[in-house]
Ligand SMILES: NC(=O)c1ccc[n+]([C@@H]2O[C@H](COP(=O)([O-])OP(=O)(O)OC[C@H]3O[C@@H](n4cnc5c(N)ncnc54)[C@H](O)[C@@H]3O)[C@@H](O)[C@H]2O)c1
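There is one chain below, alone, in structure tokens, taken in the form predicted alone.
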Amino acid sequence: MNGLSLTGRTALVTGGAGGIGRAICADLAALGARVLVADRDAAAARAVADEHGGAAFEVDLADAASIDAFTADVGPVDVLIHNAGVSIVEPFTESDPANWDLMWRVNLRAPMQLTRALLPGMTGRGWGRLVFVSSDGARAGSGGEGAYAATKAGLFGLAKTLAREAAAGGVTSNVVCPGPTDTPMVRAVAERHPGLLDKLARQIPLRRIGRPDDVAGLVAFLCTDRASYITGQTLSVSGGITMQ
């Protein structure tokens, strides 16, 4: 099928050593992209990069100075996948404002800072892809995730604004919202709440928790030329638990 190759493109994936990030890196590499794996876990990032013939970068997305140093060193990027995220589950009225600040810095400020640095290169070359990995919790709300949902919801407005501003430069901008997905972050929450994953699966029309590959496939497609007329959209990968 024509238009599904990313040969010659360089793709940066934040949180690329995590569950969904690793799957995204694999799919982008399979389409021919050179993958740059950015993660605060340097060893895990190198392992993913080595697997796909890419490059690894240690970046602390909570630290603006770390991001500045990274963007000064990374070189041209054609595809920017904002996949990294931090979720701290706690009832909102009992939540710690220090946790709000951490989630704001990683989940929203970092994508803003990275895009501001790397988008001009895309528009200057006349081609680019921005994909923001948000959450269905940001679309529909999620108990115990008020601050997380708020920061992830901010990506909707950012992505749509960039879709308008960057369209003339050949850049598309979209949001992918995973539903409940079997990742280390979700497993960590489930360990504190026995039976949570089974309960969630029963609520999903397709009767299973999502897999990282489910999310990665859509992300990869949005980066190809076959998706060149899709921009400013928010798309769920949730097994039907949320329907728009």
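Owing to the predicted nature of the structure, the values given are computational and were not obtained by experimental measurement. We number the residues from 1 along the sequence you see.
This next part talks about the form predicted together with this ligand, which is not shown.
Listed residues Ala55, Met185, Leu218, Ala201 were compared with this ligand in the predicted bound form; Met185 is the one with a heavy atom within 4.5 Å.
Of the stretches 114-122, 157-165, 69-77, 131-139, only 131-139 has residues with a heavy atom within 4.5 Å of this ligand in the predicted bound form. Residue contact with this ligand in the predicted bound form: Asp39 places a heavy atom within 4.5 Å of it. At a distance threshold of 4.5 angstroms between non-hydrogen atoms, Leu222 is out of contact with this ligand in the predicted bound form. Among heavy atoms of Asp60, some come within 4.5 Å of this ligand in the predicted bound form. Val86 belongs to the set of residues with a heavy atom inside 4.5 Å of this ligand in the predicted bound form. Looking at 2-22, the residues that come within 4.5 Å of this ligand in the predicted bound form, counting any heavy atom, are Gly15, Ala17, Gly18, Gly19, Ile20, Gly21.
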